[in-house]
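Form predicted on its own, single chain, as structure tokens, below.
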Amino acid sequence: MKRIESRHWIFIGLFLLIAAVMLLGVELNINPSSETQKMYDYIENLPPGSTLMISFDHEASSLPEIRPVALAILRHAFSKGHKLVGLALFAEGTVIGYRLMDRVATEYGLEYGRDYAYLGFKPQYIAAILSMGESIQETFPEDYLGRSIDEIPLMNGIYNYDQIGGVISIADGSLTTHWMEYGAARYNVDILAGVTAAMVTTYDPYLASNQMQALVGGLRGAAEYERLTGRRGGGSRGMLAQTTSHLYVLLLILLGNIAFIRSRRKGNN
């Protein structure tokens, strides 16, 4: 049997420490940022029954970070009685988006076709954004499940962005910029976003110029949003694990330096 080396004990210690804080239900005191607060306020202050469009513009590789963001926003929107119209402008986000919407809708006992609908995937995202500004029905004649768009009660009376309270782009790249350049600039629809942490700085100028209404960024943004809604989820757990890992590494660095200094002193004696 192979002997357990010191590096193995390091990983075992990390596993045990994270497992302990999770089991003990430790909660971090995370203060919501102004950007996350804007998203919460935007959804909170919409008239009950407003219709929001949520676009899953991401790849499957970013799911661990994107999923908590999307779930937090979906739960808040559904809890306020808003109607959601989902779609995907990245092929990989299609099934993910439908499953997330369906899961949260089930939690709240909502009905497909009346409380939410999922249009599915549309290639050529710039053309799709522009086309929906003219007619959503012509852009998506059928929904993701193959039903005619005219047979979905929720879509009756929703023709283009004029009947949409805002578009929330869940993205891991720069596709959200196309929503602002072609959706907001041409059709004056409000754009909001939930993105990975790496993309937050990319969108800061858009927030500062009010081209984007609100932004939730990464696991921290998801944890902040969960605190605002009062429902702990993947964002809070992820931030707890991440913070615990960072503190553990800092402790190892400290202990390593202490051991190094002591060994040098002994060598000099």
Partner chain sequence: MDRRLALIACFVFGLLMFAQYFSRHPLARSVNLAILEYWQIIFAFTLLVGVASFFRNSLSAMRNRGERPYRMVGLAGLIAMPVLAIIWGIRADTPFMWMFENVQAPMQSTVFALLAFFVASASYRGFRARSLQAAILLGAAAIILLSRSQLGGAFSDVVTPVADWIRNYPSMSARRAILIGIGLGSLTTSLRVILGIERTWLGGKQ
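Residue numbers count along the first chain shown, from 1. We call the rigid core the largest set of C-alpha positions that still match within 1.5 Å between the two forms. This is a predicted model, so every value here is computed, not measured.
Separately, the form predicted together with its partner chain exists; it is not shown, and the next lines address it.
Residues with any non-hydrogen atom within 4.5 angstroms of its partner chain in the predicted bound form fall in just one of 163 to 171, 76 to 84, 106 to 114, 128 to 136: 128 to 136. In the predicted bound form, its partner chain sits beyond 4.5 Å of every heavy atom of L228. Although the partner is absent here, D190 sits far enough away that none of its heavy atoms falls within 4.5 Å of its partner chain in the predicted bound form. Within 4.5 Å of any heavy atom of its partner chain in the predicted bound form lies no heavy atom of N45. Contact annotation: G234 falls outside 4.5 Å of its partner chain in the predicted bound form, judged by heavy atom distances.
Residues D41, I158 and R262 are none of them found to lie within 4.5 Å of its partner chain in the predicted bound form, as judged by heavy atom distances. Along 173 to 192, residues E181, A185, R186, Y187 each place a heavy atom within 4.5 Å of its partner chain in the predicted bound form. Remark: with the core as the superposition reference, the CA shift of T229 between the shown form and the other one stays below 2 Å.
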